[in-house]
Each structure stands twice: as structure tokens, then as C-alpha cells.
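The form predicted on its own is given below as one chain in C-alpha cells.
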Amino acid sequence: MPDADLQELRARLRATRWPRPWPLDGWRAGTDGDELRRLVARWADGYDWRRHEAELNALPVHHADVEGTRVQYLRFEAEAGAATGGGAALPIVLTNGWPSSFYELVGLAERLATPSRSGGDARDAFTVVVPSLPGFPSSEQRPGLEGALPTHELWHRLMHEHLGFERYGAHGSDLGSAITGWLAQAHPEAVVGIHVLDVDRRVREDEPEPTAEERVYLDALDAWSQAEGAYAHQHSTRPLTLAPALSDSPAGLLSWILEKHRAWSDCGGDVSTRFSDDYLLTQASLYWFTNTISTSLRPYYERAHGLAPTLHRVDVPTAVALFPADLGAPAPRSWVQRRYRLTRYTPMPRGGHFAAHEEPELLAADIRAFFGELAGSGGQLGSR
């Protein structure tokens, strides 16, 4: 980033016009003011963007023009000695959610591509592709709301046509779980299996009535939405009213991101137990310098207005890993089986919405186990 952009960010942070405080402390009504002021001060004068920028630039960054959309992706090659089912290392595409970026997935990708560095077996390595979602940091947004190629189709063209993978696996969380499900539904001939952290939650009229266990689950989702879902309603209905404030004020942008990392992670109310200051500020910097917080809200609006695909049925093998502090409540096995060919169901002992960063070892192990089971039952998975 040019020096002028960095200087402007720091000037804006130092000149933040803070809201009048309430006679209320802590996080009860939103972001804690004292914690936000501390982080803003660090972002302005203690955070070394250039060091983190160098680390980001050292990643295996590539770009592709996919049907008119410029997509950035990271490609981590499987370490020497990798083999899945007797053939080449299985390629796998990883997709993050909101409010996150490709940066969350770097540690997970490294563990999957080079397991021997964390005590694993090189034979379990994957070739890992981490695309940046359209409209998120470092990728262009899709050109139009209507008629534009959906993200899951961009991913298939990236993996199949640009990178030459005949068959591949996929993993996703949050928005990435939906994209991963649509990808498997649309291309079962190419997707050997999917691993997701949450599942489709819609209640459909053409399905049987929810069981008692499923009703408890749906009621818990409703209660969570009432308490925590204001952001999604805003994103789905009036995102462009919110966008100028988040795009103009770095303190406002950080507040929006920070509160979600605290509320949605397994941090026990102390966000620092899961995320370092530098991690949070790097995520915020990626959004700020690329000016993509506005376009990152598009998926919510598109889904709410019938502009996103519908998940009918995923018929490829599916694994679900459920982290206890993720949004809402863990989906019962029976609910998952309504729309997915469920072959692995793993309740995790800890972790939350940002599991790839919070618990990368647990997540990597479950992904390896799932695709290892598929290789054991069906021979070679990946080919070029």
C-alpha cells in the first residue's frame, strides 16, 4: 500500500470523533468503548502494517480472471511424499465467512499442505487453494446482482479450468459453508466430498415436520437471531445505508469487526484469548486498504432477495464439524441428513465461528480424517 494511504489511515484514527458515552460499561450494548479506544490507539501508533504486509506478500499469491471477475487465490502445494488413495495429493478449496478474509485460513491451509511441520504425516497432505471471496479483500466483486456467475461457479471454473483439477474436495464456514454446499450440488462429478462447519437452516414446506429435537434446534436459532442477528437484518435489507459509515471511519469499521470476533468466538468474553491485537488489526487493515467492507455485505442482500442459489440436496459425501461457540446452536444429525449425504458428524470440544484461526489443529485433523475415510473406501480421489 502507498505510504500516503497508510498516513491517511493513521490520521483518521487519531482524529476519530468518539460518540458520547453512556452510563453503561462493558459489552452489554455493543462494542466496549474502552477496548475499542485501546485498539484504535494501537492501530494508529503501535501496529506495524509494513511487517504484516510483507508477511502477506510472502504468501503464495496468484490471480485469475474467471469469467470477467479477477480473483485472488493462495495456492499451497502439498509437501513431498503426499498421496491420497494411492494417487496424487487431493486438491481442496477452502472458503471463509464474514467478517473475515483469506487471512483466517492461512494457518489451516499450511497445516493441510505440510502436515509434517505440525507432527503429522506427509502422506496426508493436500494441495490447498484459498480464493478470496468476490468483493472481499483482494478480489473484485462479481459484476452484477442479477445474471452474474455465482461464487460457487467461479470456484469450479478456478479449480477445474484454470488449475486443471478433475476432482477436488471443498471446505467452508459461514458464507463459505453455503458456497461449498452449492458447489457440491452443482458439480457432484468433480467434488469428491465437502467438509462444512454449518448447514442450511431453512425450513421447507415440502419436508416432514421437524422432530422434537429439531424444533429445539430451530427455537434456539430463533432466540439467537433475536439477541444477536441485528447485523444480518441490516446487511440483508439496507446494507448501503451502513456502508458509508464503515467505509469512512476506520474506528467504526474496527468496531463492527471486533464485536463479532468477541461475540462469535470461544473466548469467554475476553477476545484476547483467541485473537491477538495484530490479528484483528490485520483483518481490519485488509478491509480498510481494499475498501471492501461495503461489497462484503452483498451476499446477505442477495440471499434475502432471491438472488442466490437454493440448496436442494447435496449427494456427495459430507462431513459436518460443529464448534460449540459458533452462531446459534449445533444442528442435530437428523437435520443435516435432510439435505446432505452425511458421512461424518463431529461435535468439537471447543472453538467458535472462526475455527480455522481458533482451533486450526482440531479442524485440520477432522478434514484429514474425513477425506482419509473417503480414500479408504473409494480409491483415488484427486487427479489432474
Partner chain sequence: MRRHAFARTEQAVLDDLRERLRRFRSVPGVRLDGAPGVPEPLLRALLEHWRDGFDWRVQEERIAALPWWETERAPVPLRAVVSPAAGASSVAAAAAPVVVLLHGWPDSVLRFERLLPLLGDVTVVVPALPGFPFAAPVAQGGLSSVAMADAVADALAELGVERCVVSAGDVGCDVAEALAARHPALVAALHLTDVSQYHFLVDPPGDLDAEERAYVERGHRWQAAEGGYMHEQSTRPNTLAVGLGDSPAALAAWIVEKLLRWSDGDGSLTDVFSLDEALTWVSAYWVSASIGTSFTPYAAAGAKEWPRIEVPTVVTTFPRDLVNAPRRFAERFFDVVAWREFERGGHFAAWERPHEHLWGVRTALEARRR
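Numbering follows the first chain given and starts at 1. Here the structure is a predicted model, which means the values were calculated and not measured.
One more form of this protein should be noted, the form predicted together with the partner chain, which is absent from this view; the next part is about it.
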**Request:** Consider residue 36 of the chain shown here, and say whether it contacts the partner chain in the predicted complex, taking contact as heavy atoms within 4.5 Å.
**Result:** yes
**Asked** Does the partner chain come within 4.5 Å of any heavy atom of residue 332 in the predicted complex?
**Response** no
**Item:** Partner proximity in the predicted complex: residue 41 to the partner chain, non-hydrogen atom cutoff 4.5 Å
**Value:** no
**the partner chain contact at residue 295 in the predicted complex, heavy atom, 4.5 Å** = yes
**Per-stretch contact check against the partner chain in the predicted complex, the hit in 73-81, 194-202, 163-171, 246-254 (non-hydrogen atom, 4.5 angstroms)** = 246-254
**Asked** Among the candidate residues 234, 272, 310, 118, which is the single one with a non-hydrogen atom no more than 4.5 Å from the partner chain in the predicted complex?
**Response** 234
**Asked** Within 4.5 Å of the partner chain in the predicted complex: all of 57, 63 and 315, by heavy atom?
**Response** no
**Asked** Taking heavy atoms and a 4.5 Å limit, what residues of 223-249 are near the partner chain in the predicted complex?
**Response** 225, 226, 227, 228, 229, 230, 231, 233, 234, 237, 238, 239, 240, 241, 242, 243, 244, 245, 247, 248, 249
